[in-house]
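Take a look at this single chain in structure tokens; it is the form predicted alone.
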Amino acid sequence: MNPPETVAVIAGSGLDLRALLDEIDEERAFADVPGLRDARIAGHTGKFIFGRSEGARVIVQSGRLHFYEGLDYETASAPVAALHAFGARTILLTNAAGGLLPNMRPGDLMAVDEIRCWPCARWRERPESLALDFVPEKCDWRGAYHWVHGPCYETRAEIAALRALGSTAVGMSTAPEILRARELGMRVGAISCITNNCCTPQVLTHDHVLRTAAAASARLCEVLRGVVRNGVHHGRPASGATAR
């Protein structure tokens, strides 16, 4: 009998995904893994948590590294290479994102069916978009996540441009990691936690993002459990945003 597949799950800003694990075997800080630097952004603890969920081996990557920290592509995406070295061949990325549809509410979950890339972002291949292998179920929305470099939140003009392009959510992560996973031959899927509605004028802070993400973590863990329980080898991405 083949051993159970190892699934990696990356936790975005403020998302606490420990409840996804039924058992925890080991925790390892980024800084203790050769080739990785520690995480330095609030809401990113920078550790790998090894355990089991729904009978499968699962590695939760708590926090991530970002381009906007002044890192290059290889450094920012190095945790993905570490997950691959740990044996993961499927990776499910989560992130905190701004919603680009008027009816999106803080705490909503969006299943990502396409990754789009802001054209001025600095990275080596500059792809316009990245495909995913599967789309998680039981989310509130489904649509395209648009990656921007950061670290500043988007201006009103940028939000208008993203909406005109048909994107559904915007954030500052995930795309470089998916490109790295693609290079390593890993299967990829993604879920965005909507932490604010970009259509509503507001003063947005990182603390607000972290609080909203923390409040949505329990529900996100349940959705992720369904993905692990039912397997990730089904479904395929389709374009267009829809509400469930």
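For every residue, the number given is its place in the sequence shown, counted from 1. This structure is a prediction, so every number in the text was calculated from the model and none was measured.
The same protein also has a form predicted together with hypoxanthine (HPA), omitted here; what follows describes it.
Out of 148-156, 109-117, 129-137, 80-88, where are the residues with a heavy atom within 4.5 Å of hypoxanthine (HPA) in the model of the complex?
Residues of 148-156 come within 4.5 Å of the partner.
Indicate whether the candidate residues Ala97, Met172 and Asn196 are all in contact with hypoxanthine (HPA) in the model of the complex, with contact defined as any heavy atom within 4.5 Å.
Checking in the model of the complex: Ala97, Met172 and Asn196 are all within 4.5 Å of hypoxanthine (HPA).
Within 4.5 Å of hypoxanthine (HPA) in the model of the complex, heavy atoms considered, which of Leu179, Ile59, Ala39, Val209?
Partner contact (heavy atom, 4.5 Å) among the options: Val209.
Select from the listed residues Leu204, Ala214, Leu184, Ala29 the one whose heavy atoms reach within 4.5 Å of hypoxanthine (HPA) in the model of the complex.
None of the other options qualify; the answer is Leu204.
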